[in-house]
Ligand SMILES: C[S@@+](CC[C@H](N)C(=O)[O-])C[C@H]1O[C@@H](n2cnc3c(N)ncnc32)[C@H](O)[C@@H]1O
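Heads up, the chain below is alone and in the form predicted on its own; it's given as structure tokens.
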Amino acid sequence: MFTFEPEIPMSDEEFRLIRDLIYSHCGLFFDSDSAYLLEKRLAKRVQLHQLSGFRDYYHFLRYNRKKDQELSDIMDVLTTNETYFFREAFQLKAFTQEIIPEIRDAKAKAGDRTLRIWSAGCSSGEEPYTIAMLLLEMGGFAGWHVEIIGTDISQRVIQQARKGVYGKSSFRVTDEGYVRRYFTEQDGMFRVNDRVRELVTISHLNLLDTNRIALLGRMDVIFCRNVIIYFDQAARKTVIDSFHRVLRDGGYLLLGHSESLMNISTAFALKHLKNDMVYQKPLPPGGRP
């Protein structure tokens, strides 16, 4: 027996209303060529809430007492949260072999034994846990206070990240030695061990919420990979400006390899490392990180 989902057409006006509401909430932007995508992905939400069409859904998003939860839930529908451990190996090599040694040496000379790293848009947690494992492998942080903060706008992936339990697809490029040292197998899945989890905190955060970002405190390194591709130019500027404010002088910003700061910001210097090109917040004249 076949079942057919009824088509729910989205008018041009409904598209503009819903698109602008989503944009003001989180910076995700859909141009007119993406109208069909928004219509297709949100049609199931209209059906789920037993609404008559997208006009009613717009009013649901604006005025219903569950509107905040719905806006959070549709982030999963509108974005791709696909990720895995040790993604973009050459960038991670630059992180462990060049960026962290530079920061560690400079801070040790200054008597500062703190290291704070932000994984912005951490999805289900593979990135912050990868960073923690890399730091544990490096060693040299005895007596240091190391914090890795993972944040995401999706409550669903935050819950996954906090559980720290993963299937095999998350390990597609992971060396078997890391799995043995840092995970415990449970019913065919793999749980991140406590020594890794102790370095990582996971929180909900909208990257357009500049007030909450300011509360995070100063960072030494920010990972924000494959996130700003979902934003329009204005939202990208807002997010990158926030990153600049919370990064320490000399701190590093690591974007995805399809992303750049061209036409977004001139406040960072593009640094050519041996293993990768990354962005750095310049030091003040004569200053140290």
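Start at 1 with the first residue shown and count on from there. The structure presented is a predicted model; accordingly, all values stated were derived computationally and were not measured.
FYI, the form predicted in complex with the ligand isn't displayed, but the following is about it.
This chain is displayed alone, yet in the predicted complex one of T80, T114, S169, T184 has a heavy atom within 4.5 Å of the ligand; that residue is T80. Only one of V46, V227, I240, V221 lies close to the ligand in the predicted complex, with a heavy atom inside 4.5 Å, and it is V227. With a 4.5 Å cutoff on heavy atoms, I153 counts as touching the ligand in the predicted complex. In the predicted complex, the ligand lies within 4.5 Å of some heavy atom of L207. With a 4.5 Å cutoff on heavy atoms, A35 does not count as touching the ligand in the predicted complex; it lies far away. The ligand in the predicted complex comes within 4.5 Å of a heavy atom belonging to R87. The partner is not drawn, yet in the predicted complex one stretch among 7 to 15, 20 to 28, 262 to 270, 275 to 283 has residues with heavy atoms inside 4.5 Å of the ligand: 20 to 28.
Taking the ligand as positioned in the predicted complex, the only residue of 98 to 121 that brings a heavy atom within 4.5 Å of it is G121.
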